[in-house]
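There is one chain below, alone, in structure tokens, taken in the form predicted alone.
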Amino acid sequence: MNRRDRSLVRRYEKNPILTPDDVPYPVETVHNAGVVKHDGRYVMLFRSHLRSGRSIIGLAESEDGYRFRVRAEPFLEPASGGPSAGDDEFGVEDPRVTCIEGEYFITYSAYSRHGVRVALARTRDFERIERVATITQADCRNVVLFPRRIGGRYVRLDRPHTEIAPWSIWISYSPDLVHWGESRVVIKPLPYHWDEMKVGPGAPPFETPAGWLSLYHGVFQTMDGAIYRLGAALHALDDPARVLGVADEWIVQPEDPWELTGYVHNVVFTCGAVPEEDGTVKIYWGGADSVICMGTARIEDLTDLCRRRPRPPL
């Protein structure tokens, strides 16, 4: 038995599932995709680099979660007018999608001459999209929303860039999805560990009998550069600031050629995971910031890993 056979996440044998050649307009990469189910089909929002070096967000659809067809036009580009004009003039990146009370909320990185902030948009049908607000200050790169209010408030995990608690995962609360506060650190990088350089939210958390399961990215610095891997953490259902366990081991690391080499070498990076009724979860990740891959896992295996083989969260 080789190490791939022992992995909790089973890679799809036809990876990568989306490449730049699958996009009907000119792009150099496809990666870092948020994925949800809508009206019985899978909807993927993915990031692409243009030849200008800036990023846009495209949309692809699938009946089975494996084979995706990309729409003819990009889904979200830098705003050309309105209140958001200028906030994302340098590109829109890394969308996460969460369904809350019948609407799909999209958080994405908005780059401008003032740095990177996270913006919020919403849609009901993935045909029309409304920009809601820019919901962080600079320099914040990752925000994922919990799919329901907890204690009457919206909740998110985020990752501000600060040397006080370097590249850690924080939790924040809001009455309206726009104004956020009561922030605190919940997961830090662990010294001399696979995620010792930085950690950040990956896919939006989803509810399991054991707690909220959150898939995150962790980074380890080597003499040959950084390696991005995926990990799992479990949060209490009634109080997600209470971390029940952070898995000591990574669950996905760069192994296939399109993950080891590409626009950015040695990267697997998730923005989306879809839990299924059969107790499995489909996990989607960007490979080397160049293509999109996916794999499946048993949800119970991931929650058990968090509870039975944890590492300290802080």
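Predicted model, so just to flag it, every value in this text is computed and none were measured. Start at 1 with the first residue shown and count on from there.
Quick note: we don't show the form predicted in complex with a small molecule, though the next part is all about it.
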Does residue 44 reach the small molecule in the predicted bound form, with heavy atoms at most 4.5 Å apart? no
I'd like to know if residue 117 sits close to the small molecule in the predicted bound form, meaning any non-hydrogen atom pair within 4.5 angstroms. no
At 4.5 Å between heavy atoms, is residue 229 in contact with the small molecule in the predicted bound form? no
Is there a heavy atom of residue 50 no more than 4.5 Å from a heavy atom of the small molecule in the predicted bound form? no
Taking the small molecule in the predicted bound form as the reference, which of 246, 267, 30, 273 has a non-hydrogen atom within 4.5 Å? 267
Contact stretch among 128 to 136, 92 to 100, 189 to 197, 144 to 152 - heavy atom within 4.5 Å of the small molecule in the predicted bound form: 92 to 100
